[in-house]
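Below you will find one chain, with nothing else, as structure tokens; this is the form predicted alone, and questions on how it binds or moves follow later.
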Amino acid sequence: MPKISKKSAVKFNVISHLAVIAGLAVLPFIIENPYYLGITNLILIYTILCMGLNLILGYTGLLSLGHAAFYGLGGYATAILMTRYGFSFLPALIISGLLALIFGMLLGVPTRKVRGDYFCLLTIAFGEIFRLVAQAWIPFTGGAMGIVGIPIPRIFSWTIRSETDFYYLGLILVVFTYLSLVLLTASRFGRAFVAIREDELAASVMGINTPAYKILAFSIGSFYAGLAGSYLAVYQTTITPSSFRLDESCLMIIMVIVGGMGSLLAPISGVIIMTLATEAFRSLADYRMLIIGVIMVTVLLFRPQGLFGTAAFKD
């Protein structure tokens, strides 16, 4: 077979990505039902979350069960800034992402030498502390009732009102998340993350500052969770602690595992499958986690690397 040059491969990659984006851009004209478009918007939110979580789990090998807390930080930051301090959406979005990044760094610094199960337990504790604080600090967070009446977002002259408007906003955030992560994972930082995942001791011996890179990966992954939380706040026009429980973090991890870890696009398949499964079995809410667990176990038995978690799958 004729050998494909690197230049041709790059050109094909660019064209294929532009074709996918163009297809996604016309999707609202195909999906006219607001209910189905709402589910699509939910998929976009989880896509941002799981791409960020995949950097932490799939690329660096850190199991974080507190991702929902950074998701909530972004949501509450946007809600408070817009309802009480008159911020417009775009500055609130940026601040929310940066705030989640800062908290990710603050959590990462004291846990930089903690590995495996201990790191996982610390992230669980942080997630539960965040939820309990949000529920108990009534004057600031609104308690269990949360914050309601979040204003309709505007970006310059674009007023975001309809499901279609929110779809395009979510699509812009997904494209930003993907492109920025492509640049990051293709750099020496991305190679260092993978080296830490494969063998942290060997990476350290090779001269990689493993604690610093772990903090960096955790902080950046948290940043994207903050962006997703900001989007959720204006999309729902309300934010409550019940949206950021431990089972939400578990669902994100399952999405990443089902789709496939260590590839930027692979978790999207897990997001789609698990979101549609959750909607399809909404009438069986009491058995939601059981059904999700069965799906995960089935995938792990027959496809332990995830649906697209193979060496052949390239972003």
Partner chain sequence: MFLLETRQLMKHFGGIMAVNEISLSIEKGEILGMIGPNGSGKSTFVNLLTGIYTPDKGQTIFKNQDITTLPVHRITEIGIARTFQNLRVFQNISVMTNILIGRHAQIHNSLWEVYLRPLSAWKREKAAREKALEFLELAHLTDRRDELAKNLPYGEQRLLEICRALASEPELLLLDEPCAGMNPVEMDTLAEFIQRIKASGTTIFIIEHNMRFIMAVAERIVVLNMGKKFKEGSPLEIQSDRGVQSIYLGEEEDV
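On a predicted model such as this, the values are computed, not experimentally measured, just so you know. Residue numbers count along the first chain shown, from 1.
One more form of this protein, predicted in complex with its partner chain, exists but is not displayed; see below.
**Q** According to a 4.5 angstroms non-hydrogen atom cut-off, is Glu198 in contact with its partner chain in the predicted complex?
**A** The answer is yes: Glu198 has a heavy atom within 4.5 Å of its partner chain.
**Q** Given that its partner chain is not shown alongside this chain, does Gly207 nevertheless sit within 4.5 Å of it in the predicted complex, heavy atom to heavy atom?
**A** So Gly207 counts as contacting its partner chain.
**Q** My question is simply whether Ser242 lines the interface with its partner chain in the predicted complex - judged by any non-hydrogen atom within 4.5 Å.
**A** Ser242 lies outside the contact set for its partner chain.
**Q** Find out whether any non-hydrogen atom of Arg154 is located within 4.5 angstroms of its partner chain in the predicted complex, and reply yes or no.
**A** Answer no; every heavy atom of Arg154 is more than 4.5 Å from its partner chain in the predicted complex.
**Q** From the list Leu90, Val194, Val133, Val175, which entry has a heavy atom within 4.5 Å of its partner chain in the predicted complex?
**A** Of the candidates Leu90, Val194, Val133, Val175, Val194 is the one lying within 4.5 Å of its partner chain in the predicted complex.
**Q** Using a 4.5 Å heavy atom cut-off, which residue among Ser180, Ser162, Thr83, Thr238 comes into contact with its partner chain in the predicted complex?
**A** Exactly one residue meets the criterion: Ser180.
**Q** When its partner chain is placed as it is in the predicted complex, which of 140-148, 216-224, 117-125, 165-173 ends up with heavy atoms within 4.5 Å of it?
**A** In the other structure, the partner sits against 216-224.
**Q** Relative to its partner chain in the predicted complex, which residues of 161-193 have a heavy atom no more than 4.5 Å away?
**A** Result: Ser180, Leu183, Leu184, Ala186, Ser187, Arg188, Phe189, Arg191, Ala192.
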